[in-house]
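Taking the form predicted alone, here's one chain by itself in structure tokens.
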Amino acid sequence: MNKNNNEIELLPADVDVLVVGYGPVGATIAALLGRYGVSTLVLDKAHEVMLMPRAIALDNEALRILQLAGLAEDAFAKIVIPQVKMHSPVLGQFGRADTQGCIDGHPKLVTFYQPDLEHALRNQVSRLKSVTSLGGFTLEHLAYEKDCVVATVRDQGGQAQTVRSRYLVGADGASSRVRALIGQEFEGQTYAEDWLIVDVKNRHASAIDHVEFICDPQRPTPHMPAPGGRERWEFMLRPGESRESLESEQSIARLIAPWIDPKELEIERKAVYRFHARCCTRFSKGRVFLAGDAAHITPPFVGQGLVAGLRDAANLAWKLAWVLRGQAAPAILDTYDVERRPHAQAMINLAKLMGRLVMPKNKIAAFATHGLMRLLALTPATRRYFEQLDIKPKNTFRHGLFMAPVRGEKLVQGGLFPQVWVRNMQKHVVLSDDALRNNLTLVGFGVNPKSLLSSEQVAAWVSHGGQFLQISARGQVSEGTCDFIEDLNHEILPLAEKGTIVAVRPDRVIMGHAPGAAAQRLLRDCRTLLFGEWSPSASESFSLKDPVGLRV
């Protein structure tokens, strides 16, 4: 439930998870934890959503995570972006990314209005009985007891209160108080250039339908549309220009004059930012975790800042839930940092590379860099590498909570299980993640996975938070002993031999797969990953032995 008002609230004394920060990442974590039934408290300084656009881009992975959090496709407005163009004032268009089409049931790239997304997430959280969200609280101090974190917060009336939580997640942004209290430092760089961000409204009939980067060394300018008749420009400040002078309406009108008649200019928001490329050395310390901008800050040149935070949410939330429910050992929480940090850093590196294309230092550097990009586009292989976004690091883990991948396999252990359109047992056409629901799922390719196991093994899998799902070809009929879906367009079944079984984590990452004859071994391997040498009863004693409640 949401209680974002001006009344002073008494906080619960104990919760399973305390989330500090109720932006889009904190709200997504809360929504996921609520769907897993975890007792969760979300605290934020503000009572309401900030009614200003900030983040603006989401990719197919982000939209899939929001689907996982319970948001319907029409929960917030989006504009599908068909292409991203890069222009040079000397060479013309020298680069292009083809963002048409869908991956895993969602558009490759959309723009959105952040307050709409945050309201949609908060509406979803308000439906979840195990989650409470409160505004008007500032985190002051953290202390550690044997089996919990004790947070001291101060309400808007100046009264201090304490909350004990089994785990705490800092999703409190780039200036994270949680990060400071656990002694984590940001590593990376701050760009020397300031940027003026201008959001303009009432552009329904005139806004562009794509994203463009004007890569002019005199004034680099990204430009894109957003829902609700909005358009955004980002202008890099030149040496000697002050933010005060450039933020004036006269200066903004002059900058946007190539696109908008000054008489038609309606500014919704203007702000000057300095971009950062920073990442923590660890995303966790004992029972405290960092997510989103509290853990990493990505320059905006590839639109991956919020996306990375949503990936954090999906990866961390289910692990917390499984540990709290006794369905996994606390040690699996260490894999959050192991899995997420390398990919977050890879996205930061890609954004820095794109920044060098967008912000050439001078005309000579621009001609050389953009000319090379144009030459590379002449060969099909390199053109595809950039146009089809193969340059984007795949969200496939090298190490973590999954079985070792085998080179050449289409279903990559440690990678995402694909999502396609299917028909369920009620004859409804849905996306396949809806059939996976919120569980650890054993998927059978053309085979009922339960038929390969004894009743004891079936019960053991269920006790680990597992369920069973059979995927078969279109037109086949269910035996009725486990959930069943039809692969309508024959997109998943060709990825593995008939009879293959696949263990899919709640965050849609493939934990492992094996031929049907090795089903029992696959279940044993999954249990080893979840519990290691600890049984469910021993997993609690594992955390109790940790000094001052911190396992490092």
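The numbering used is simple: start at 1 and walk along the sequence shown. Computed from a predicted structure; not experimentally measured.
Absent from the display: the form predicted together with a small molecule. The rest refers to it.
Residue contact with the small molecule in the predicted complex: Ser165 places no heavy atom within 4.5 Å of it. Shown alone here, Asp293 lies within 4.5 Å of the small molecule in the predicted complex, counting heavy atoms only. For the chain shown alone, Gly305 is a contact residue for the small molecule in the predicted complex, at least one non-hydrogen atom being within 4.5 angstroms.
Not displayed here, the small molecule is approached by Ala171 to within 4.5 Å at the level of heavy atoms in the predicted complex. Screening 136-144, 368-376, 390-398, 330-338 for residues having heavy atoms within 4.5 Å of the small molecule in the predicted complex returns a single hit, 136-144. Contact with the small molecule in the predicted complex, judged by any heavy atom within 4.5 Å, is made by just one of Cys526, Ala514, Ala55, Ile492: Ala55. Between the options Trp421, Tyr273, Trp259, Tyr191, the residue in contact with the small molecule in the predicted complex by a heavy atom within 4.5 angstroms is Tyr273.
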